[in-house]
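Given as structure tokens, the chain that follows is alone and in the form predicted on its own.
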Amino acid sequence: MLDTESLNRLLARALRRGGDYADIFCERRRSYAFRLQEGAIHDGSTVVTQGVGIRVVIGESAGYAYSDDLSLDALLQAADAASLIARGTPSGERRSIDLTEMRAPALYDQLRTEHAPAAQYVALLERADVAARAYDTRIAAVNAHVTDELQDVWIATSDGRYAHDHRPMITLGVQAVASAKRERASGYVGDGGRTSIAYFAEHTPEELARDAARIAAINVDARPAPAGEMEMVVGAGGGGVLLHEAVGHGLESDFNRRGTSLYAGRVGERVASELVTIYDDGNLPEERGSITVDDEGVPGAHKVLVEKGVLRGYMQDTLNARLMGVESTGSGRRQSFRFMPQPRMCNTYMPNGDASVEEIIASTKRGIYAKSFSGGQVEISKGDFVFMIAEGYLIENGAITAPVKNATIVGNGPDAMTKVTAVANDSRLARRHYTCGKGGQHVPVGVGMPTVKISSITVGGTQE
């Protein structure tokens, strides 16, 4: 979007009042989106956004300004606005910076620069609608959406980094609603990643639609969930939402630098069962949270957060890493050019254990099998969480029995991790379209885990 001469001039302008560091984030994003409702395409859109954000850092503070006017005069004004955070003696225009391009292995298709014809996206939705309705006569409604996004970012920094990343992202989601007598229930399934529409030739819309309809049909017949303390088995893949929310956020460096996380100052200490290892990866091919470089120009990396129950480190962006005397882990992410980066998760998951799923179920006398979750929340400073179960079942005397509905789980993330008593050998990422919210920003992430048993957790249910 901008040539080297312009980037140099903007960096110099941003630092002319002083400051420790400055960076420029340029973004161009093109999106196709279509939505099906009541058997017909309800709307479609094409959106193009572009702009530049400029940041100046001094100590623990940062000044930030952005512009969607790409003229040099407008961008120089943005650089002036960001520079106001520095109150030192004006240093005048700085010398030219030798920008060195950062290179990292391509994790997804860097050559796909165009969308498919609109009719191909519409066909995916229509196929999903037909398949969901055909699955069960009780399916009363189907809603589906598809979004295909092509994002390009360019980052230049005052310490000489320069990087470009071309990031494709496609998402297909299907919601089915089942109705029986006076009961209604829904099921939702989404899929996609940093790939193209060709992905859905193998992972078909029919497959997604049938899965969404299956969940809706199960839930419409489900019995009210019991309440109380019991064992819980968390399902592989989508169960990683629990890991993401209950543990992952507490390992982001800003919370730990400020001392507001329960994990602050505990590197090297045991924080979980010895069965628990947690990774965050920015460099898994085509996964939703993968980034060739982060939004500060640092290559995505493999991070060992917890190893056999021992805390090994935090997810670092440039600002917090600088203040904590460590290196960035490639975890600086932002929603768009309108926002400053924050330390964020990419793809957070737990690797395989030694148990089989059958052994875990057979060892459970009375509990809940939470195959997937529909949402939840966590209080970072305490680690307390509440999650809603999207698809859940009773486990009685070592066997999965009746489906349950309206089940929630209540607990504490660090406490739950100490109660992990078995980890299965079926680890996988969910390949669902998860989006993480933090500080008013939303970014795509991946989650995953194997089937895991937690010895005791509080289940909130409506069974009388």
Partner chain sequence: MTQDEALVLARAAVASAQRAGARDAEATLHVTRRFHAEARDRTISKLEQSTGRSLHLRIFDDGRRVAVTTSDLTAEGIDRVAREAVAQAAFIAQDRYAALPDACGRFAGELDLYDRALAERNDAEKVDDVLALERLIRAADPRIVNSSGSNYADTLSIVALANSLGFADAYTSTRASRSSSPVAEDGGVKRTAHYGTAARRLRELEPNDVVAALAARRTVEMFGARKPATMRVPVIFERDVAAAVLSDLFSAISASNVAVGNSFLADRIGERIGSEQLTIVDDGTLAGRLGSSPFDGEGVPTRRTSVFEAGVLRTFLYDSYYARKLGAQTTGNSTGGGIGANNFYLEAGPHALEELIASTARGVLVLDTIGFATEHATGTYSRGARGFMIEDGALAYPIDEFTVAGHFGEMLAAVDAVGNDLRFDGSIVSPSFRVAEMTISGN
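Note that the structure is a prediction, hence the values are computed from the model and not measured. Numbering follows the first chain given and starts at 1.
Only in words, not in the display: the form predicted together with the partner chain, which the text now covers.
Candidate from 290, 372, 261, 277 lying within 4.5 Å of the partner chain in the predicted bound form - any heavy atom: Of the candidates 290, 372, 261, 277, 261 is the one lying within 4.5 Å of the partner chain in the predicted bound form.
Contact residue in the predicted bound form, chosen from 134, 304, 198, 84 - any heavy atom within 4.5 Å of the partner chain: Only one listed residue qualifies here, and that residue is 84.
Which of 166-174, 361-369, 332-340, 99-107 lines the interface with the partner chain in the predicted bound form (heavy atom within 4.5 Å): That would be 332-340.
Exercise: residue 434 in contact with the partner chain in the predicted bound form, heavy atom 4.5 Å: Looking in the predicted bound form, residue contacts with the partner chain do not include residue 434, since no heavy atom lies within 4.5 Å.
Contact of residue 269 with the partner chain in the predicted bound form (heavy atom, 4.5 Å): No, residue 269 sits far enough from the partner chain in the predicted bound form that none of its heavy atoms falls within 4.5 Å.
Partner contact for residue 65 in the predicted bound form: the partner chain, 4.5 angstroms, heavy atom: Yes, contact at 4.5 Å.
Proximity of residue 313 to the partner chain in the predicted bound form, heavy atoms at 4.5 Å: Residue 313 lies outside the contact set for the partner chain.
Residues 48, 386 and 461 all lining the partner chain in the predicted bound form, heavy atom within 4.5 Å: Every listed residue reaches the partner chain in the predicted bound form, so yes.
The partner chain in the predicted bound form - contacting residues of 113-136, heavy atom within 4.5 Å: Those in contact are 118, 119, 122.
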